[in-house]
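Single chain ahead, by itself, as structure tokens, in the form predicted alone.
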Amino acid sequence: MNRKNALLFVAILLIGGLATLQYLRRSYEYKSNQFLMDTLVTITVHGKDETQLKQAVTEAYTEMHRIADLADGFPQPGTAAYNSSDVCRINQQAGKQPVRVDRDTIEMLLLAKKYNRLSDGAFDVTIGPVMELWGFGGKNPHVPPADKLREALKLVDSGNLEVNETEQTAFLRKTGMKLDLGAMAKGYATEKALQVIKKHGIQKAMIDAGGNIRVLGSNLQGKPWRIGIKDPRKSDGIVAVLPLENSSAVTSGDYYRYFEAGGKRYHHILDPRTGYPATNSMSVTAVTRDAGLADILSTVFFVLSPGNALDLARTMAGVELFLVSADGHIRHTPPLLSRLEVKPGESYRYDQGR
């Protein structure tokens, strides 16, 4: 082989090697949408094996559906969905006998009881009778009569929810009591789905479940995912951008599900202590590593006054809080100052960044 041909051969090898290296480094993005748990869920994953990505997402959705079925409180009696729902079966046996349930239902109820105590009753999954009166689970929500609301409030008490880990049973002590896991099931399902994805060896992923965000790793550029926090009064606006990596951000707001009556807005985030919608904030975002915990805390912090919510958040390791109070004041826990990109505009007051 002469010198010219040898050089050409080496060049071909180099080009071939670079092409092979580029192929091995190629990262696919696979994105899928499904409507479940009353919201659009989008799962985005990145990796080198497209078949593996699709399989991981399929199994993640299967897990979310499983949790959704366990926590669904709305199926009609006698249907397959009703028989699959631990919440329906627990409610049906209220005041009668304990019900053996799935291990994940036990875990959700234990978390619910823990944060009921920690929040002094600001979070309570036995709020079912009150939610039912307001009709937020149907097509015609309305302000219930005050006398009926007072009667329903007598049934709201997590102290009367018994959870037996050994027997794997749950029991509502009083007839008429009802569970409603709407303030936690979506976050719990999101976290379970993320763990399924992680078990497939995937290192970059994001689940967006309608205000419940959970990310795995960094984005394709090796930087934190950038999550927009919605403006609670402008559907196409944002009030802040939050960098997120291996963590979760869940937002509770008075704009997700509401109706207006007599010139007043009534939203679905009820204060279990009064039976009426909480009025302290427009929007609250809880940031934690676990999406299930973030979902619970976003409700806790929304129901509490902004001052009490910030005080509680400061006592909790690995928890951060961003909120827009009812008077339009943007506030957050101090560690977020160096990370947040706040966009208050003319509608809100923000002093911490000055």
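A residue's number is simply how far along the shown sequence it sits, counting from 1. Bear in mind the structure is a predicted one, so any value in this text is a computation, not a measurement.
This protein has a second form, the form predicted together with ligand AMP, left out of what is shown; the following refers to that one.
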Tell me which stretch of 88-96, 182-190, 232-240, 163-171 has a heavy atom within 4.5 angstroms of ligand AMP in the model of the complex.
182-190
With the partner absent here, would Phe123, Ile127 and Asp295 each sit within 4.5 Å of ligand AMP in the model of the complex, counting heavy atoms only?
yes
Going by a heavy atom distance of 4.5 Å, is Lys198 a contact of ligand AMP in the model of the complex?
no
Using a 4.5 angstroms cut-off on non-hydrogen atoms, would Thr299 count as touching ligand AMP in the model of the complex?
yes
Could you confirm whether Ile269 comes within 4.5 Å of ligand AMP in the model of the complex, counting heavy atoms only?
yes
Taking ligand AMP as it sits in the model of the complex, is Ser252 in contact with it (heavy atom to heavy atom, 4.5 Å or less)?
yes
Among the candidates Ile43, Ala286, Val303, Ala291, the residue which, in the model of the complex, approaches ligand AMP to within 4.5 Å (heavy atoms):
Val303
Considering non-hydrogen atoms and a 4.5 Å limit, which listed residue (Met206, Leu109, Ala209, Met131) is close to ligand AMP in the model of the complex?
Met131
